[in-house]
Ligand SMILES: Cc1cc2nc3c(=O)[nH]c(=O)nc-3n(C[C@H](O)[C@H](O)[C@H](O)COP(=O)(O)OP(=O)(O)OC[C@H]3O[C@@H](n4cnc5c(N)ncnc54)[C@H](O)[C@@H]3O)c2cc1C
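Only one chain is included here, represented as structure tokens and corresponding to the form predicted on its own.
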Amino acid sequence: MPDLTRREFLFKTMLITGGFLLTSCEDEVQEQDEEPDYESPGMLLGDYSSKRIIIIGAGLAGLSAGYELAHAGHEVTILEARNRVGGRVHTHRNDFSDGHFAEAGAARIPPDHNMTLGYADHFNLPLDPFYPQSGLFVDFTEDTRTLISTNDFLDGRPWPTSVQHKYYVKIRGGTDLLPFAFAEYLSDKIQLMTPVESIIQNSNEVVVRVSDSTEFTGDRVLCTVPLPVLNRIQFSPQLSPEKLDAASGGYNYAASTRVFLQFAERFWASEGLNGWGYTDWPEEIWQPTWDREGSRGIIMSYLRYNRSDELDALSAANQLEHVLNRWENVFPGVHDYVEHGSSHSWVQDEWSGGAWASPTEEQYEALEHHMGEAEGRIHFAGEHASDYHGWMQGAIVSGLRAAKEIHESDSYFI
């Protein structure tokens, strides 16, 4: 089938598989006509001239910006290298049985992330507590296994500066429902499997060339590409020295790997456990679908930084065995119930190269201000270009900031 048709097929298949139905372009126009009082958390105000805008990346930064720019009357095209939308919001569904799923990326939402919560409400996505509200949690520290009551755990914190466990929420049914909600509105504007190779700008326009040599011409470009893969794109004129430095490894990214294991039954419940806890390896242990009915269950290991790098060095089979061997001390008998497993490394992810921006203090002071600065007709967004590194809030806030810049920009070269 022709290339464009294939992209459309992949996109529609992805949404339908996730439980979503696409409306036709005519339906979208009719819906907009029926809802003249459109409002959203980041809606763009003011009557500005319509622009042709090319957005690189269909993660939450690109999707939120594209959503608001399209609603404001601009012509939007979104180019995404992957065969899916969402970026580092990635819910694994096909790996598991009985409707279970697990988050490879963004999962929990703190109570002060107003834009993330605002868009969940805007799209009528229900929220649930992220952590279980019953059962015993496990802590394995210095070879000692301790069981923690529900109340004591919920009053604790995942790290010292965070809010308490009890205040975190999740999107019911999977975090990918949020990018899918943006993408459903933008479906005819998104082209999947379209890696960008070069961006050339002059005083009149910007030309974006993709891997199959197709060219897209626009008035403005929004680049939401993570820094570790930004240098795959050739810019003319060249980017600022600060962005080049950041893209060449001068702005650290965190390593993060998650290992998912499916079990024939939730054997841990015989001890009154809920499948959640911590170890001093260190790792977080989650049962992502703790609130789902059925006998089967999933437990996942969430590793960061050096421990993630160590696990990434192992083969897939050895990764699973490594985790299971350690978990014998956390969930005795774990080997007897495991059915299969998988993992996801963000460092090894082709279009991410890392989990989130994690600059040193020196890197932050020297470069942070430059990450979101527009360069001519090219604007920049992403969690790395925000004050919320590692969160959906950072991607959304930066996307909306860039969308406002573009919306209010004059037609001449800035």
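These figures come from a predicted structure and were not determined experimentally. Heads up: residue numbers just count along the shown sequence, starting at 1.
Below, we refer to the form predicted together with the ligand, which is not included among the displayed structures.
- Note on the partner interface in the model of the complex: the residue among Lys166, His100, His122, Arg82 having a heavy atom within 4.5 angstroms of the ligand is Arg82.
- Interface residue among Val89, Ala246, Ala183, Leu261, judged by heavy atoms within 4.5 Å of the ligand in the model of the complex: Val89.
- Only one segment in the set 364-372, 65-73, 350-358, 42-50 has any non-hydrogen atom within 4.5 angstroms of the ligand in the model of the complex, and it is 350-358.
- In the model of the complex, no heavy atom of Ile54 sits within 4.5 Å of the ligand.
- Within this chain, Ala403 is remote from the site of the ligand in the model of the complex, having no heavy atom within 4.5 Å.
- Under a 4.5 angstroms non-hydrogen atom cutoff, the ligand in the model of the complex lacks Arg296 among its neighbouring residues.
- In the model of the complex, no heavy atom of Gly341 sits within 4.5 Å of the ligand.
- Of all the residues from 282-310, the single one having a non-hydrogen atom no more than 4.5 Å from the ligand in the model of the complex is Tyr302.
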